[in-house]
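Taking the form predicted on its own, here's one chain by itself in structure tokens.
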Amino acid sequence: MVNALAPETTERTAGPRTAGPADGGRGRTRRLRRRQAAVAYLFLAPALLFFAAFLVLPLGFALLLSTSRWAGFDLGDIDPVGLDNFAGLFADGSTFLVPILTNTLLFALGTVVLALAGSVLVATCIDKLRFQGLWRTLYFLPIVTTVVAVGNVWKYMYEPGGLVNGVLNACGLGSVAFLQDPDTALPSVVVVQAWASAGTAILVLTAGLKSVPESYYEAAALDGAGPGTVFWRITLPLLRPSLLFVCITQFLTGLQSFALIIVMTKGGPGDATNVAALEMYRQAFSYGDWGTASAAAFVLFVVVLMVTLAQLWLFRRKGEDA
């Protein structure tokens, strides 16, 4: 017997859900977004085609050549050899690892150290002078000068009867065979590269100095901090983003340097100034070994990537510890 006092239960049946105005609005929004995306890709199409034609396709072709043997000109002569080209670069008796890749790293490291130290010093001095635009322009002139002109001028300055040896002789020192001695050839070219590339670093660092709040210097002066303390405790830490940019760009430029070396020394004497980019050029255009040249290019790419990631990690870690 059913208890009359028990609540009566009723079941509600849900009918089919009808599309409301909100659903129609969402559908129109999705269609509008699809049309906007299609128009955006249409406008991006020329840039994407340029990117594909001049970066993606050459990169793929270089990857193919790095695993092949090819003398150039006839694509039908491409002969796959697997990883033999990479193995040859690091085989016993190969000069790619030592001295070529070693010279490349030393050249890039020396360029970064000299250019960065000189740029920080010059930028700090310019920040305290009048006519700052004039000084920045003067220091930027080597950037707009062709590498061939810069290399030839410095080449003649390094000659036994050139300006540099003339200054040394006037100081009572003997002449130095800067570009003819294997021990001094690479450092001599590093000095020229650092001098020629310092203009961009100076512009970046002077802009970074302008972003440092003046109130920090005023507070330091009230606390009695000296110029050295202000530089190491305030200026240098706040320049870290600019220094990171300069370090990465200078190192990348040094690792890929080619024109200055071929103008001044052509890789000599011997292999004293031979670097990876010059060796790639020689393998491809002088010896007709495009496979080895492409393999060397990918090895250099890996080195550049590892160095860049290491620099980013180091500066970010210092930023977290500061």
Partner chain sequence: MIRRRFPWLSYLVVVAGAVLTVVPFLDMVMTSFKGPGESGTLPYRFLPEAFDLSNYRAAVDQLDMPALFRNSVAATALITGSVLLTSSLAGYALAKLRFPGRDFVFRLVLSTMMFPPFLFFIPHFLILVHWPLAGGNDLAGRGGAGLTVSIVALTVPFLVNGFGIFLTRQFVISIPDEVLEAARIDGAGEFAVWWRIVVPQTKPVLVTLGLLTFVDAWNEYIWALLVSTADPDVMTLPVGIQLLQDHVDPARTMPVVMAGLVLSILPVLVLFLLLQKYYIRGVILSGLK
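Positions refer to the first chain, counted from 1. As the structure is a prediction and not an experimental result, all values here were calculated from the model. Under this definition, the rigid core comprises the largest set of C-alpha atoms superposing within 1.5 Å between the forms.
If you look for the form predicted in complex with its partner chain, you will not find it shown, but the lines that follow are about it.
### Task
Find out whether any non-hydrogen atom of Gly162 is located within 4.5 angstroms of its partner chain in the predicted bound form, and reply yes or no.
Answer yes; at least one heavy atom of Gly162 falls within 4.5 Å of its partner chain in the predicted bound form.
### Message
Quick check on Gly72: any heavy atom within 4.5 Å of its partner chain in the predicted bound form?
### Response
Looking in the predicted bound form, residue contacts with its partner chain include Gly72, since a heavy atom lies within 4.5 Å.
### Query
Is Leu83 one of the residues lying within 4.5 Å of its partner chain in the predicted bound form, judged by heavy atom distances?
Result no; Leu83 lies far from its partner chain in the predicted bound form.
### Query
Any of the heavy atoms of Pro46 lying within 4.5 Å of its partner chain in the predicted bound form?
The answer is yes: Pro46 has a heavy atom within 4.5 Å of its partner chain.
### Query
Among Leu97, Ala91, Leu121, Leu173, which has any heavy atom within 4.5 Å of its partner chain in the predicted bound form?
That would be Leu121.
### Site test, Gln36, Cys125 and Leu138 vs its partner chain in the predicted bound form, non-hydrogen atom cutoff 4.5 Å
Affirmative, all three are within 4.5 Å.
### Message
Can you tell me which of 104 to 112, 148 to 156, 180 to 188, 83 to 91 lies within 4.5 Å of its partner chain in the predicted bound form, counting heavy atoms only?
### Response
The contacting stretch is 148 to 156.
### Query
Going through 237 to 260 from first to last, which residues have a non-hydrogen atom within 4.5 Å of its partner chain in the predicted bound form?
Phe245, Thr249, Thr253, Gln256, Phe258, Ala259, in sequence order.
### Query
After the core is matched up, is the C-alpha of Lys266 off by 2 Å or more between this form and the one not shown?
Comparing the forms between this form and the one not shown, which are aligned on their rigid core, Lys266 does not shift its C-alpha by 2 Å or more.
### Message
Following rigid core alignment, is the displacement of the Ser286 C-alpha between this form and the one not shown equal to or greater than 2 angstroms?
### Response
No, shifts by less than 2 Å.
### Task
Could you tell me whether the Cα atom of Val307 shifts by at least 2 Å between this form and the one not shown after core superposition?
Shift at Val307: 2 Å or more after core fit.
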